[in-house]
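Given as structure tokens, the chain that follows is alone and in the form predicted on its own.
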Amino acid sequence: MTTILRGNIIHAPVFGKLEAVPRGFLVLEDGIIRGLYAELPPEYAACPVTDYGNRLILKSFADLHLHAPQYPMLGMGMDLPLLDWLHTYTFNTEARFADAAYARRVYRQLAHDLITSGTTRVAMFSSRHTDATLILMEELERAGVTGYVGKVNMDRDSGVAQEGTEESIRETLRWLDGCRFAHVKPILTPRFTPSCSDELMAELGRIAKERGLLVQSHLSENPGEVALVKDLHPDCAQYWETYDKYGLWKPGTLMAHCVHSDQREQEAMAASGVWAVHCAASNVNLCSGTAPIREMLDRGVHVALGSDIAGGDQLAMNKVVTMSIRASKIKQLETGAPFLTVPEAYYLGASAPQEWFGERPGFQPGDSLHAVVVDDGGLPEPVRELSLSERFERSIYLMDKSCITAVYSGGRKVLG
């Protein structure tokens, strides 16, 4: 079926560069982009058009690091450093998801919140609970969110959220056997090295290889965490090697934070095709530091953005984009590295993740449509007519759910 959308189309097919098509046309066949046009080709003249008028049609956002069971604790414990925060708030909250009915209520709300905020793709941590993880995947599927979810593995130093090693392996296999969703796929998720025994890490590496699964975890977030990892693995010169020795450091692996990743660790990421997921709000909230994003990009590291709720306090990814810009300006004051511009940060939050999902940046023929329609008419009235790039910038900084009038996910209209 042919679907045609019309509006002010803005996307970022190249890092740091916006392309705008005023009152342009997006032509889709069964949800797959066939072309982006300034003028509608004659062969489509008889096809119906969904005309969004003067509104903006943007690439929707992708959140490549967030913790679903921490959604109930947004805005809590922000005065604590990472390891204290985990033991005071996080593990206790995550233990609550042994209750499937509670998980259903929370995850249904979370899935709705993601879509209404313009986030259509995710890489997400669940808790250690198999049944709650399957519920999370089901609710994301129902709401129209696509991407990856992982049952968390944690058999060491994890308080009430801890599981036994054999239990963790057994439940991981049960969860994988239960994953039969069209748009939400499994990803192996060792929480981080301090929470996983050597035996568990080795087994997860085996499962990843045997089943061809992607991996997500944390890396070099906090100085105390880095020191703890060194104590646990004295044979490893750096944190990243604790994943590498078990087969978990490989192309497509997502590593959240990387705040304290030095040149050698960054080069190891670039060489192996491991992605850094920048979570600026969380890093500031938990006093972990400010990640060297410009350094990573210059060294060829793939970088995307994550909300990292609930270390991060904002789920909406446009707020994550603007926080990333602010954090980069702090980094510039420290090191002189150029800060992220609005088009660059938007690229990291919307376009760069498309490569991780196997597509190309921007609205490209052959890729499925992920888009958000933004009505910026309710924002403060400007003193003059704004350019599309100015309207885009204001929308990234100021839009909220009331501005989002339609959302398309994987070629399907899921809102509006």
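The first residue of the sequence shown is number 1, and the count goes up from there. Just so you know, these numbers come straight off a predicted model, no measurement behind them.
We do not show the form predicted together with a further copy of the same chain, though everything after this point is about it.
Even though a further copy of the same chain is not shown here, does residue 380 get within 4.5 Å of it in the predicted complex, heavy atoms only?
Within the cut-off, so yes.
Report whether the minimum heavy atom distance between residue 343 and a further copy of the same chain in the predicted complex is within 4.5 Å.
Judged by the heavy-atom cut-off of 4.5 Å, residue 343 is in contact with a further copy of the same chain in the predicted complex.
Any chance residue 84 has a heavy atom within 4.5 Å of a further copy of the same chain in the predicted complex?
No, no contact at 4.5 Å.
Though only this chain appears here, would residue 289 touch a further copy of the same chain in the predicted complex if you measure heavy atom gaps against 4.5 Å?
Answer yes; at least one heavy atom of residue 289 falls within 4.5 Å of a further copy of the same chain in the predicted complex.
Among the candidate residues 250, 326, 230, 112, which is the single one with a non-hydrogen atom no more than 4.5 Å from a further copy of the same chain in the predicted complex?
Flagged contact: 326.
Scan 238, 314, 197, 116 and let me know which has any heavy atom within 4.5 Å of a further copy of the same chain in the predicted complex.
Selected residue: 314.
So, 36, 61 and 269: all three within 4.5 Å of a further copy of the same chain in the predicted complex by heavy atoms, or not?
No: none of 36, 61 and 269 comes within 4.5 Å of a further copy of the same chain in the predicted complex.
For the chain shown here without its partner, which stretch in 176 to 184, 270 to 278, 211 to 219, 73 to 81 has non-hydrogen atoms within 4.5 angstroms of a further copy of the same chain in the predicted complex?
Of the stretches listed, the one contacting the partner is 73 to 81.
Along 190 to 225, which positions have a non-hydrogen atom within 4.5 Å of a further copy of the same chain in the predicted complex?
Nothing in this stretch is in contact.
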